[in-house]
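Encoded as structure tokens, the following chain is the form predicted alone, with no partner shown.
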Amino acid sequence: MRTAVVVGAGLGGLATAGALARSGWRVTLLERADRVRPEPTAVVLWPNGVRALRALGLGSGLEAIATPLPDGGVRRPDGQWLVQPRPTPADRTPVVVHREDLHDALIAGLGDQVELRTGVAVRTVTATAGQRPAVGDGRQTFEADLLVAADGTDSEIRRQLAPESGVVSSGCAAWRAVVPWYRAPKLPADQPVNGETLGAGYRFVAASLGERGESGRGGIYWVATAAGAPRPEPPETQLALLRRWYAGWPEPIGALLAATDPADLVQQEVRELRPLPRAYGFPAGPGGVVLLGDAAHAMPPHLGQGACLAFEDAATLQSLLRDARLPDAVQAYDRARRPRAATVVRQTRRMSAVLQTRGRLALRARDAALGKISPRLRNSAATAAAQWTPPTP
């Protein structure tokens, strides 16, 4: 039986560990934290992410936990439309899923061939021609035929194997929350929840998560992004700042922030890899090491492709491992994923430059052009997302 060590029990790591186990591998899943638990927020999955989950054998339960997310358009803080809502073809419509629901589905898919070890902080990495790939935490060494680095933006494995790739700030911070339906504001029928509002260095996006009255973890998911560093204050103060920053913006923004509890709030510094790693696959011994998810291509969330690319990575790896020799699969994974990730990261950086525009003259130019620029960028990303399919070995 072939063996794998997957480092990192986030969405990408869980998906990969389960896929390998269902393919007959014996898998050890290592997690730095003492517990494996998701953020109490949500994630947007574009068609490529949904297709990847289906390729991984996880599509059957997705419809029960996913809510379609139609285009809600883009407004200015004064309520004027920058981009009108547009009908979206079904094959390009994303869905929004509560992270805890998605996490539960991925945990259920691990099966009994995955050994989960928590509290393991990787410190050493072995990836040489004469030895099986391995990682260690200073107390124990874990070796296998295949090592999957799914240990996030601050990946220790990437730091040692691809030191040319560094983590840098994207110049902004993000706050996320899900307001449960029992606290969510009741909005007029003519006031849609879904949509985006864009100001000078500030952005607010909201999406319905299920329908009011449904059981489960439904509510209204929102993300606020602001230029600058993360705030050091406690959540109560951060929420007060958000309410002040977005005061006067069109509803339902004020109502959503008013209904948010400080315990709902999750703050994140937005960071990215610059440059991207020179390789995503490193042959070693009988197999090798691959970088996956944010460990390979951390990027700003402006196109909502982070989780989608991680699932693409997992589906690609699973497909290539079915018939190819392991060293060949590692090299094929590198050839398949590097250009794909580079394309999406390039599109995301272009959108980031548009969204973070500041200054009166620059804002006027952005607003005048956004009706053309934003749909073109979005359509380009949506086309790439809709066209992606897992490779055939």
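Numbering starts at 1 and runs along the sequence shown. Since the structure is predicted, the reported quantities are computational estimates derived from the model, not experimental observations.
One more form of this protein should be noted, the form predicted together with a small molecule, which is absent from this view; the next part is about it.
Engineer: Considering the small molecule in the model of the complex, which of Pro94, Gly306, Pro252, Gly287 comes within 4.5 Å of it through any heavy atom?
Structural biologist: Contact residue from the list: Gly306.
Engineer: Name the residue from Val223, Ala105, Leu239, Ala227 that puts a heavy atom within 4.5 Å of the small molecule in the model of the complex.
Structural biologist: Contact residue from the list: Val223.
Engineer: Among 229-237, 70-78, 149-157, 275-283, which stretch has residues with heavy atoms no more than 4.5 Å from the small molecule in the model of the complex?
Structural biologist: Flagged stretch: 149-157.
Engineer: Judged by heavy atoms and a 4.5 Å cut-off, are Gly18, Arg132 and Arg325 together in contact with the small molecule in the model of the complex?
Structural biologist: Contact check failed for every one of Gly18, Arg132 and Arg325.
Engineer: Heavy atoms within 4.5 Å of the small molecule in the model of the complex: does Arg99 have any?
Structural biologist: Result yes; Arg99 sits at the interface with the small molecule in the model of the complex.
Engineer: Against the small molecule in the model of the complex, would Val178 count as a contact residue? Criterion: heavy atoms within 4.5 Å.
Structural biologist: Contact with the small molecule, no.
Engineer: Hey, in the model of the complex, is Ala174 touching the small molecule, heavy atoms inside 4.5 Å?
Structural biologist: Within the cut-off, so yes.
Engineer: Would Pro301 count as touching the small molecule in the model of the complex under a 4.5 Å heavy atom rule?
Structural biologist: Taking the distances in the model of the complex, the answer for Pro301 is yes, it comes within 4.5 Å of the small molecule.
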